[in-house]
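Okay, here we've got a single chain as C-alpha cells, the form predicted alone, with questions on binding and movement later.
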C-alpha cells in the first residue's frame, strides 16, 4: 500500500519539475546578411534618385510654364501695339468734303476687322478741318466727317453704341503750314480707344 503514494509523489515531482523547468530558449532575430543589406541600400538609392528626378521634372515643367507665360505676354503686347497702330491710322478728306474716299475705305475696313475681333472695344472718331472757313462751319464739317466714318463702320455690322463722335473743327491742326500740303493733312478723322484696349486681338 505504501508503493502507490510513492509513485504518485514521484509523478507529481516530475510534473512539478517539468512545469518549473525554466522558460524556453530565447528566439534570436535573424541577422541580415551582406546581400540583403546591399539590396536595401540599392532600393533606398533608387527611391532617392526617383524623387530627385521627379523634383527636377517638376522644376523644368514650372520653368517652361513660366517661359511660355512670359512669351505669351510679350506676344500679346506686340499684338496689342500692332493693333493699336492700325486702329490709330487716320483717314483724310478732300476740301470741303465729308465722303469717304476709296483709298480710305480700306483703312476703315481694317478698323472694322479689329472691332469684330475685339467685341469689348469702344472708340471715338474725331473730325478735323483745315484753317479755311469759319469756326462754326468747320465744326459742322468736322462733325460730318466723323459721322461719315461712323456710318461706314456701322453699315458693316458694328454696333453704333461702340462708337462716339466729336468734332474739333480747325482747332487741332497737325500741320502748321498755310498751304495745300498742310491743309490736306489737317482734313482728317482720328481714331481713339475709349475702353477695351488692354489686350487687343489681331483680326
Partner chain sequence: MSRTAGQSDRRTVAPARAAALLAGAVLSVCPTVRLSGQDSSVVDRGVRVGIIYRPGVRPGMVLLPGRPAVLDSVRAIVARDLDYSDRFEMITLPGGDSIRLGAAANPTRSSGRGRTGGGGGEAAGLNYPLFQALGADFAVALAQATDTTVVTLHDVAAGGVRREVKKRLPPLTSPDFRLAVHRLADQVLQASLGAPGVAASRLLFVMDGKVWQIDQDGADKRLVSSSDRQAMSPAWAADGRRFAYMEFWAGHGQLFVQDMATGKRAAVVTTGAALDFTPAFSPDGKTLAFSRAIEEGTDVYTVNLKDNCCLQRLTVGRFSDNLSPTYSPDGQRIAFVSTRAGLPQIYVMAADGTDQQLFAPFDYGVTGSSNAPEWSPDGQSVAFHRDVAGTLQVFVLDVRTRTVRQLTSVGRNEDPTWAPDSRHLCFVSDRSGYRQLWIIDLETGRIRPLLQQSGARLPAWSPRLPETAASTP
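Values in this document were obtained by computation on a predicted structure and should not be read as measured data. Positions refer to the first chain, counted from 1.
Another form, the form predicted in complex with its partner chain, is not on view; read the next lines as being about it.
Among 84, 122, 132, 101, the residue placing a heavy atom within 4.5 Å of its partner chain in the model of the complex is 132. Interface residue among 159, 60, 136, 35, judged by heavy atoms within 4.5 Å of its partner chain in the model of the complex: 136. Its partner chain is not shown here, and in the model of the complex it never comes within 4.5 Å of any heavy atom of residue 94. Using a 4.5 angstroms threshold between heavy atoms, residue 140 counts as touching its partner chain in the model of the complex. By the criterion of a heavy atom within 4.5 Å, residue 175 is excluded from the residues contacting its partner chain in the model of the complex.
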